[in-house]
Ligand code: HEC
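Encoded as structure tokens, the following chain is the form predicted alone, with no partner shown.
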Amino acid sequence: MTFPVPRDIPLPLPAPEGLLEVLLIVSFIVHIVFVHMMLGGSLFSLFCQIKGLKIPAYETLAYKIMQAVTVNKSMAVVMGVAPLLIINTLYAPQFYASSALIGSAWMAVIPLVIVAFLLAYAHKFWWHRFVNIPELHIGISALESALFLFIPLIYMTNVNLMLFPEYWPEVRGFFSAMLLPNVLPRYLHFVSAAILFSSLFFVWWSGRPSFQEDVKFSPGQSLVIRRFFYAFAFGATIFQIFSGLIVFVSLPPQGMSWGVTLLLFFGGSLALPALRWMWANISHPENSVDDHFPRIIALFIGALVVMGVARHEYRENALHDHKVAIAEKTANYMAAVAEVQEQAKLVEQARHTGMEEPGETGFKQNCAACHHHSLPTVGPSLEEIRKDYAGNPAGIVRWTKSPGKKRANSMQMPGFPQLGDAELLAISKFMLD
């Protein structure tokens, strides 16, 4: 094992592990759909505002889109609570380790979200105040969109880092973790998915009977707007396919399996008939009836579910060895704790009977909590110490008076200034006996 192995807190799960895994997949899918529509809607609103400088109808469209963004934003936050709690429950040691390694950026998520939300509300409710000041009007939208783009990158960097403990010793903050393999390809795949799902949402939205009344568009303008969103969905789907292949090639092999591979390719293949039907709608905009849209949505929902399952399977494969190592270390620690508790009882009994050897009491009081007889716990076992210091109790005394750190994945040994040389020597002889 060449990567850090933290010790877990041996608490029971609040529900069966299989149920928590299903809930994680389902709740994450619901959450990410609203995140996609929030981010994509913000980008569409910005794009339409810029386009509206020349074509006033797009300014009206941008305002209506912005009204949907604030709703999707609230849903994204509410629906994000469940997957965050579940991933903290199932993968606590890995998630907390990765969060600590990108600590500054991870702690910045909350203030960044607050600023982004305030900008979104200012953009929505003060729209008509700023519409005649295009620099401020578009500037607020651009800053809001930039924050909505950056915050998911922090999340993606964190969840990617938690999968690969072997990279933890190399990471020096957020940007170091962001440049690890697969983060940026996955991020581009995510952004294109946001454009895809939000554009499909606006295809449905612009096809409602009330749309023309809401935005004061003619039937011809409404068809143009619908075709506009279909074109974005079509282009985003093509980008999804190619960026998905890049993600697949750049995925570290630790989590790959034939099952994951089949799921990824099956999920991606569902986009192909959807592309054909979208092209039919783009190339024949005069059709007011869209029989293909329900099929397109069904295919992308299926792809989203399959990709969600594949994502979880990859995560489980990547962390399997690490979870086994943590479980073993935790079991060793609990065994050592139980033994120390038993030794404490024996020490107390020995004090009353006077039968304890010189150094034994000092060892049990000061050393036994970290040094098990045969298991590595917080520190090395007595068997390992006996190999290193055979016939050299004075060496243990010197080390104890000025301890250091020999293992990268363990804590530094504390000093014991309260113990004199004679007591340290007695403890050392007892350890080597």
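Note that residue numbering follows the sequence shown and begins at 1. Definition used throughout: the rigid core is the maximal C-alpha set that superposes within 1.5 Å between two forms. Please read all numbers here as calculations on a predicted model, not as lab measurements.
Only in words, not in the display: the form predicted in complex with the named molecule, which the text now covers.
Picking from 25-33, 61-69, 394-402, 39-47 the stretch near the named molecule in the predicted complex, with a 4.5 Å limit on heavy atoms, gives 394-402.
The closest heavy atom approach of residue 14 to the named molecule in the predicted complex falls outside 4.5 Å. Though the partner is left out of this view, residue 387 does not reach within 4.5 Å of the named molecule in the predicted complex, counting heavy atoms only. With a 4.5 Å cutoff on heavy atoms, residue 367 counts as touching the named molecule in the predicted complex. In the predicted complex, the named molecule sits within 4.5 Å of a heavy atom belonging to residue 407. Taken together, the three residues 87, 106 and 109 lack any non-hydrogen atom within 4.5 angstroms of the named molecule in the predicted complex.
Remark: with the core as the superposition reference, the CA shift of residue 381 between the shown form and the other one reaches 2 Å or more. Relative to the superposed core, residue 363 undergoes a C-alpha shift of no less than 2 Å between the shown form and the other one. Taking 2 Å as the criterion, residue 12 does not count as shifted between the shown form and the other one: its C-alpha moves by less than this amount when the rigid core is aligned.
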